[in-house]
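In structure tokens, the next block holds one chain alone, the form predicted alone.
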Amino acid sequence: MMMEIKILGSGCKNCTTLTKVVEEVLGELNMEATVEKVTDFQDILGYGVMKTPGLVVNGTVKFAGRIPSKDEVKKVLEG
């Protein structure tokens, strides 16, 4: 099953930065995943995330309200 990653945020600078971090880590790990940006506030609230950016991996919120480091993202994606 391919990993599903969602970046929650309105398209702000932090959301863009988080997207870059995720894409870099995927490249370093040579992993494939679908990366979707979720910009609809109601959809974001649906994940229980009140502060963006948020990172959702396979339906589970992993980080919210801050930009995780590359190492943190790596640990989450490696499982």
Partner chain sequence: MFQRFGHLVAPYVVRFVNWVLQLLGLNIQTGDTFYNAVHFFIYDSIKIIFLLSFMIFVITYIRSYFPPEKVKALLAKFRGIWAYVVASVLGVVSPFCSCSTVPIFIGFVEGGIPLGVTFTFLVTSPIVNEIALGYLFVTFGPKIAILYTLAGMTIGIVTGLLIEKFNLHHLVEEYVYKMKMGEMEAEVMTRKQRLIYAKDSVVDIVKDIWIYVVIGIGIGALIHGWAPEDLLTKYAGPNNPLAVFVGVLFGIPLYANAVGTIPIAEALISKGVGVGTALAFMMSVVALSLPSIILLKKVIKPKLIAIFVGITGAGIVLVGFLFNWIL
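Residue numbers count along the first chain shown, from 1. Predicted model only: the values in this text are computed from it and were never measured.
Below: the form predicted together with the partner chain, not depicted.
Participant: Does V49 reach the partner chain in the predicted complex if we count a contact as any heavy atom within 4.5 Å?
Facilitator: Answer yes; at least one heavy atom of V49 falls within 4.5 Å of the partner chain in the predicted complex.
Participant: In the predicted complex, does A64 come within 4.5 Å of the partner chain, counting heavy atoms only?
Facilitator: Yes, contact at 4.5 Å.
Participant: Quick one: is N30 in contact with the partner chain in the predicted complex, heavy atoms, 4.5 Å cut-off?
Facilitator: Close contact is absent here: in the predicted complex, N30 is far from the partner chain, nothing within 4.5 Å, heavy atoms only.
Participant: How about V35: is it within 4.5 Å of the partner chain in the predicted complex, going by heavy atoms?
Facilitator: Taking the distances in the predicted complex, the answer for V35 is no, it never comes within 4.5 Å of the partner chain.
Participant: Only counting heavy atoms and a 4.5 Å limit, does any residue of 18 to 47 reach the partner chain in the predicted complex, and if so which ones?
Facilitator: Heavy-atom contacts within 4.5 Å come from F41, Q42, L45, G46, Y47.
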